[in-house]
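Before any questions on how it binds or moves, here is one chain, the form predicted alone, in structure tokens.
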């Protein structure tokens, strides 16, 4: 295991502070500093950046981000048990780590980071990771406040984020991410790298904003994709009927076949659908 600083090994930190991972908080601590350093490097040049980290736990990735030269790390941690361990890291890197106790789903990330050059890097808690991603990629202001996302998910979620039309993993999440972002899965991480080991493989996903996404009301796109994939075995003329009794005609106006299913429609097609439904005041 790499020695990236003079702080104690993470296993010793966990033992000293009694930080047994809580399933209720979606915690699985990544202890291999070789891997946390690899994630930090994947986030890009951090020397002029504020990095927002969600769920730092005992601070493995936090230490790697700081060791990689991050100008400042803002770490949001819901579990108060982790705060003393994070305080030790803050003391080791004076003025470069700000720890905020709270629920990331309820906090304004722009207010936390103060704007500027912001990158988000995190081993996201499994139970809130997808919702946090959706929040970050559906913000009304675009380009967003962040310049990149380097995030760890369950591999299954990572595959859904980066899925192509026609694949089993393709769904609402893939459409939203593909519409506004570009990127993909960088590498997988074995369950053995975590304490406790999860039952699934994890994957690190890196996304950057598409600075000129196709024009579309993201709220309408969310509703159309939710309806279409909510009944993915049905044809569009049936699955979208919950949005408009004229769904079949609106699908035709979008240049699509009403008998097609959601998994067959690419991002351009969904954007056109959303625009047609909005113009018809169906959503």
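In this text, all values refer to a predicted model and were calculated from it rather than measured experimentally. Positions refer to the first chain, counted from 1.
The form predicted together with a small molecule is left out here; the points below concern that form.
A.B. asks: If we define contact as a non-hydrogen atom of the residue within 4.5 angstroms of the partner, is residue 79 a contact of the small molecule in the predicted bound form?
C.D. replies: Contact with the small molecule, yes.
A.B. asks: Could you tell me if residue 125 has a non-hydrogen atom within 4.5 Å of the small molecule in the predicted bound form?
C.D. replies: Yes, residue 125 lies within 4.5 Å of the small molecule in the predicted bound form.
A.B. asks: At 4.5 Å between heavy atoms, is residue 27 in contact with the small molecule in the predicted bound form?
C.D. replies: Although the small molecule is absent here, residue 27 would touch it in the predicted bound form, with heavy atoms inside 4.5 Å.
A.B. asks: Under a 4.5 Å heavy atom criterion, is residue 102 part of the interface with the small molecule in the predicted bound form?
C.D. replies: Result yes; residue 102 sits at the interface with the small molecule in the predicted bound form.
A.B. asks: Would you mind picking the one in 227, 251, 54, 66 that has a heavy atom within 4.5 Å of the small molecule in the predicted bound form?
C.D. replies: Of the candidates 227, 251, 54, 66, 54 is the one lying within 4.5 Å of the small molecule in the predicted bound form.
A.B. asks: Just one of 178-186, 160-168, 89-97, 116-124 has heavy atoms within 4.5 Å of the small molecule in the predicted bound form; which?
C.D. replies: Selected range: 116-124.
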